[in-house]
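First structure 1, then structure 2: two forms of the same chain, each alone, as structure tokens.
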Structure 1
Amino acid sequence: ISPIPHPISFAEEHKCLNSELWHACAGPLVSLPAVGSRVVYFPQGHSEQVAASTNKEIESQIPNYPNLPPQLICQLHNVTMHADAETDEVYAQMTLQPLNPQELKDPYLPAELGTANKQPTNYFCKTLTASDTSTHGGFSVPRRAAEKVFPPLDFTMQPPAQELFAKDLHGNEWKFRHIFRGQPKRHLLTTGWSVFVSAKRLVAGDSVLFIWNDNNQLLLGIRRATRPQTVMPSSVLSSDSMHIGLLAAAAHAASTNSRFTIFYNPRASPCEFVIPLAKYVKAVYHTRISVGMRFRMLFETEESSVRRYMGTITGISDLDAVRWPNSHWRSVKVGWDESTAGERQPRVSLWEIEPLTTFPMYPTPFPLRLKRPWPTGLPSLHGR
């Protein structure tokens, strides 16, 4: 009776999500630090995510937390991947524990640099057209994509066709009729497609992605187009209280060295605010930058791949000198080479960019292993 049809099966609660699919939906630039490693947590960046999610600027009503430093070095105890039940939006839950001064002295392991997010190899991602989402027809599968990730059709049949079963992030299975027909011949998903489109409420501009994994399973994810004004205010807690909550939770955890929990929404947050400690140390203490220096930075393309944009450093200063002095968060002011630069942020963090030195870097066998632990005590900009 419900207008939204039910998929074939339901995953049990708290089931671990498929990691490949989660990363594919999150995008090629998103990586999660390894469990057990040490990370740097930026309350300021977390605050930006909450502001983006609640669609509200940060008010000056927020009390100060003098004991909360702008960056908190933590042990990452737990990372779990999730997807919103309503929207399939991917997010991660992390349990962090601030380290005490004694623990800060421990040398860290090279593995803590974090493993790169390996995107699955056998997958494709297509942005839906008006025809794909209309009720008038099915889904047109790009030829190379179908040949690469779908099981081969039996071409002795006329027309060649098969049934595909694909699992989404929640473990629900969807059934599609895959047929190769038309003049000229093309791959199509027909029966079952419209049910999926209406259940997920997909519209033209959204993307779907199919993965053929090593277990010969077909996985199915969605990535919604970034629609303006898509977020709405929560009716649970005021955005002010949310801001206070994240700051107070971090401050309390920092003062007692106890664990706290945060959510990271890769596609809602402007930036990662939990980064591997080694990445931070390398960028802040082992990289020389100056105004006028050229750099490169990775961005995600519309087709879910990456490309580099180039720019010039135009300044180095605190983003919020009053509330977060000596933070390294987005401390680098930049200008972009291309005229479409309006969409790229004017401030970035050190660890996001790749400075171009006039002396070419020769690759070495162990380029990232540091000789000794970084200096104890809180890092500060004055150290440079």
Structure 2
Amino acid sequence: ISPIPHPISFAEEHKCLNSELWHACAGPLVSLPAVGSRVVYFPQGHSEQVAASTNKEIESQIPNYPNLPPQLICQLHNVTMHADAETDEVYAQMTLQPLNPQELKDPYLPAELGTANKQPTNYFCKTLTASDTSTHGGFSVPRRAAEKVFPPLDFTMQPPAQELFAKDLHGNEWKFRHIFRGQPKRHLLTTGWSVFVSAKRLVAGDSVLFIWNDNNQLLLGIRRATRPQTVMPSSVLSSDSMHIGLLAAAAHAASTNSRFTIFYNPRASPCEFVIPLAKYVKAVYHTRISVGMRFRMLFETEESSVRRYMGTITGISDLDAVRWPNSHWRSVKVGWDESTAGERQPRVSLWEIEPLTTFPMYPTPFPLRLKRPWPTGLPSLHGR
């Protein structure tokens, strides 16, 4: 139904991953919707994940599925967190069931905005340098990071040193020697570090993160820098097959109200394509936007913190009017402030941005001309 890098083994399927470490590896802006809540699934966004992970744009000959709407309202039955055995890449498996017309009329709880993600508070993330990944070097730990996350060293020792034990996403334990030495003095991980780098096949540009959790455990995760995939794993179908597979599965589920399974890879996906229904309704029906309006949007920084960037709305239109008419996916064209433009997307979705307005917000409908009506009853259910 949707590509995953490698088949899930029975043992991994029944192992509960550490949620805090999974979310740290996924990134500070990622949150998974609550099981049992209502969500909106965007097949268009799912296709973007396939295109990003295979470095291949969607082909024009992929068939259209007229009974598959651009946004599909579903009940979220199950969410499980996984990490790829080969790459440590984190992904989530979700079981969705489209709502039938009667269920669409049922009131929903405002609490269904989604639960706060399990981002850790006591952690650090560092992008590896060439010396961090050399075979005869060690890992240079920023001083404030070492003092915040690692157990304190005994400075009566010369040189101060200790053994650290850290568990990765698969529950494997890694042992490192943590030492404070050099000129000027700095925190280093020495013995055991090169074994870890070799085993995980880390290169400069990849990131590592260490967490000290509430159970006084040291956890260790990695994030790989995005690099072009020259050889696709044999278990992965062709890009076109994946697009057709995910669209056919979603279309079948939509027409029969049956459950279907999707895989979400937060590091490969440009954006979340399963979002809480309440978040969607608030953005689409209760937010007034117009061309020329200023807004801000959250982005992840290199060291895994969060920063707001400013921009201006320059247009409102379908991203793909032929294949996905009347879609709210990336329907807002934006211009970023020049100093922060960088690699940012020229199109965003309404729920990703925070409009900066000087007038009060009224629950007015989203001013995008819809060619066909929204499912009966939905707008009127949400506080109107």
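Definition used throughout: the rigid core is the maximal C-alpha set that superposes within 1.5 Å between two forms. Along the sequence of structure 1, residues get numbers from 1 upward. The structure presented is a predicted model; accordingly, all values stated were derived computationally and were not measured.
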query	finding
Form selected (criterion: the form predicted in complex with the DNA)	1
Core-aligned C-alpha movement of R181 between structure 1 and structure 2 reaching 2 Å	yes
